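Here we start with a single chain on its own, the form predicted alone, put down as C-alpha cells.
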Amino acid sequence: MLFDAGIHSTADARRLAQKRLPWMVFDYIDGAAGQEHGAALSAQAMQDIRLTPRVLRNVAARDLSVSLFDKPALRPFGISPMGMCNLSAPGADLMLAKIAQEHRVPHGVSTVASTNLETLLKASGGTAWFQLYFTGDGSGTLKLVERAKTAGYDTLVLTLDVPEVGRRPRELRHGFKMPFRIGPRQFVDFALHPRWSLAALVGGSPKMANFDGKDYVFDRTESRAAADWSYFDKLRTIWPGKLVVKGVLNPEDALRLREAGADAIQVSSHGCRQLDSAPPAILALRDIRAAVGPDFPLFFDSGIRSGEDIVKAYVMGADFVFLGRILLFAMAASGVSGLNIVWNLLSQEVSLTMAQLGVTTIADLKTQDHLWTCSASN
C-alpha cells in the first residue's frame, strides 16, 4: 500500500497536525490531565506489552471483520465520541460519518459534537451511536435521550468518568474556551496559522451543534458530579436500545454495571484527560476482563497509536476498539485524504500483526496466549 501526504504512521499525522493547527486547538486535542505523567505511563504500558510471533501457519487469508451487537463491522475498530471534531478540519464530523458508513463501524457522536446528532446518524448510514454526558440536575440530559430516541439511534454511550472536567494545563495556558474568546494571544495564534484560520473563517467557527441555547443548553465546565446509581437505573429504564457505559477502570464498578443492566462497558481513561494518577487503561482492561468473565462485551479506547496497539487491546480482552485523537490529527494533517490514509494504514498494521501472530481472524486474537512473558521464553 502506498501512502502519500508524508503520513506513514499516526506519529506523522500528529507531527503535521501540530504544524497546521493553532497552538490552542492542538493542545486541546493533544493535552492530558495534570503534568501528563499518566499519559506517559499509559504509553509506556502499551509499548511494554510484547506479542509472540508464530510460524508455519497458513495466514494467507486474513479477515478483519467482527460482529458487534450481532451486526457485522468490517474493521475491528471504530470512532470514539469526540467533542468539537470540526476544530481539526472543516467538515471533520461528516468525514468520520462517511468512513464509518463505508466500513459499517460505530461512529460515536458526542453530546458536544460540532454537527447535530440527526445529521450524523443519517450521514453514517445508521451506524452512529450517541454519547451522553450527565450535567447539572440531569433534566437536560434526559431531553437529549428523548431526542436521540426520536432520531432513531439504537445505541447510547453513557460517559461517566467526567464528574468534573479534569484540569489540562496545556489547553488552559492558551485560554481554550468554547465558544472561542479572542484576546491578543489567540489573535496571534490564529494569525500564525493562516491555513486553519482561513478555513474556519470560510466554514464558520465550530459550535456545539446539539444545543440552541433555548431548549438545549450545555456548559462544558458545568459539574456532572450528581450522577449516581439511581440516575443510571432511571436511564436504563427509559432507554430501549443498547446501553454502553464508557469510562470504567475499576473491576468492582464493571461488575455492578453488568448487574444493573449495562449491555457493554467501554474501558477508558478518557485518553488520560481526567486523572493524571489513573492506571493505564490497557492494564485495567485485563483486570476487568478477568472480573466479568469471557462473555460480557468489553470495548476499549485510550492510547491507541497503531495497528499493533489495536491487536494488543484484543489480546488483553477487548471485544472492540475505538479510536480518538489520532483520527483528528489525520484530518488536521490532510483532510479526508489524511483520514483515509491513517484508516488504511491502521487496517494494514492490524492485518500484518495478525500474520505475525499466526492468526486469520480477530476472534483468534482474544486470548492472552499471544502475550510474551519472560517465562515463556525459557
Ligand SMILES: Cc1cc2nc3c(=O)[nH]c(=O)nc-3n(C[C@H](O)[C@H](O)[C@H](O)COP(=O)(O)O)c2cc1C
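Here the structure is a predicted model, which means the values were calculated and not measured. Throughout, we count residues from 1 along the sequence that is shown.
Just so it is clear, the following notes concern the form predicted in complex with the named molecule, a form of the same protein that is not shown.
Heavy atoms within 4.5 Å of the named molecule in the predicted complex map, among the stretches 118-126, 137-145, 263-271, 290-298, onto 263-271 alone.
The contact with the named molecule in the predicted complex, taken as any heavy atom within 4.5 Å, belongs to M82 out of L285, L257, M82, V244.
Among the residues G307, P206, G78, G303, the one placing a heavy atom within 4.5 Å of the named molecule in the predicted complex is G303. Relative to the named molecule in the predicted complex, residues S9, V105 and A330 are all farther than 4.5 Å at every heavy atom. In the predicted complex, the named molecule sits within 4.5 Å of a heavy atom of V112. For the chain shown alone, N210 is not a contact residue for the named molecule in the predicted complex, no non-hydrogen atom being within 4.5 angstroms. Contact annotation: W239 falls outside 4.5 Å of the named molecule in the predicted complex, judged by heavy atom distances. Proximity of I29 to the named molecule in the predicted complex: non-hydrogen atoms within 4.5 Å are present. Applying a 4.5 Å heavy atom cutoff to the named molecule in the predicted complex picks out Q131, Y133 from 129-145, in order along the sequence.
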